[in-house]
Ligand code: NAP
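Okay, here we've got a single chain as C-alpha cells, the form predicted on its own, with questions on binding and movement later.
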C-alpha cells in the first residue's frame, strides 16, 4: 500500500475529483479526512470509504473562510494527531446558480462578487489550508501538499477569466511555496486537469461538450480516476524529487 498509515485531508472531498481521491487514497492505506461545505456530501463519502473497509471522517467547513479553516484544522489534528498529505481540491465552476446549463460570462459581464467568490473559493482556500498544514509539516520535516490547478490556468479558456485567474494563481503559489519548504522535507506540487466528467462539468451544453471533445486529441473527457491516480503518485514517496511541478492529465488538450 502506497499510503499505509498516512493521514490525509482532501478539501472539496464530497463529490467529483475529491471523492475519487478519497476513495483511492483510503484503498492505499490512508486515513482520510473528507472536507466539504455540504455536511451530507462529506458524510456520504466518509461512509462510502468506511463501508469499503477504509478509515474516514467528515470535516464540514467553508475553506474560503480563514477562521473556518483554522477551526477545521484544530478538529482534524485533535482527531488524528497530525497531517501527512493535504489535497487542496475545493472549487467551483461558476459563481451564479442558474439551475440549468452553464452561463458563459465575458469579463465585461463579471460582477465584483463573481470575481471575489471565485478567487476566494480556489486561491484563498488553497492559501489558508496550506498555511495551517505547514505549521505541522515543517516541524516534523515531512509532508505532501497537492494543489488543484487546471488547464484553465496554464492554457487559458474563454469566458471564464475569473476561473483562469484563480487557477493560474494556484500554480504560481504552488511553485513559490515548493521552493520555500523543500528544505524541510515538504513536497508541494500541482495537478492541472483537462476536462473531466464530474458534477462540475455536467451542466455544460451539448455544443460545449462537443467542442471539448473535438479539441481533445484523445477524443473524450477524462475520468475522475485519471486525476486521482496522478494525485496518488504526488502523495506518495515516489514523488519526493518532484518539487513545484505541475502535472497535467488532459488528454492532449495542451502539451505546454
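Residue numbers count along the first chain shown, from 1. Note that the coordinates shown come from a computational prediction; the quantities given were computed from them, not determined experimentally.
One more form of this protein, predicted together with this ligand, exists but is not displayed; see below.
A.B. asks: Which of 175-183, 143-151, 130-138, 106-114 has heavy atoms within 4.5 Å of this ligand in the predicted complex?
C.D. replies: Answer to the contact question: 143-151.
A.B. asks: Out of 92, 168, 119, 77, which one falls within 4.5 Å of this ligand in the predicted complex, going by heavy atoms?
C.D. replies: Of 92, 168, 119, 77, the residue with a heavy atom within 4.5 Å of this ligand in the predicted complex is 92.
A.B. asks: Taking any heavy atom pair closer than or equal to 4.5 Å as contact, tell me whether residue 73 reaches this ligand in the predicted complex.
C.D. replies: No.
A.B. asks: Can residue 61 be called a contact residue for this ligand in the predicted complex at 4.5 Å between heavy atoms?
C.D. replies: So residue 61 counts as contacting this ligand.
A.B. asks: So in the predicted complex, does residue 12 come within 4.5 Å of this ligand, heavy atom to heavy atom?
C.D. replies: Residue 12: yes, in contact with this ligand in the predicted complex.
A.B. asks: Taking heavy atoms and a 4.5 Å cut-off, does residue 235 contact this ligand in the predicted complex?
C.D. replies: No, residue 235 is distant from the partner.
A.B. asks: If we check this ligand in the predicted complex, which of the residues in 22-50 reach within 4.5 angstroms of it by a non-hydrogen atom?
C.D. replies: Residues within 4.5 Å: 35, 36, 37, 38.
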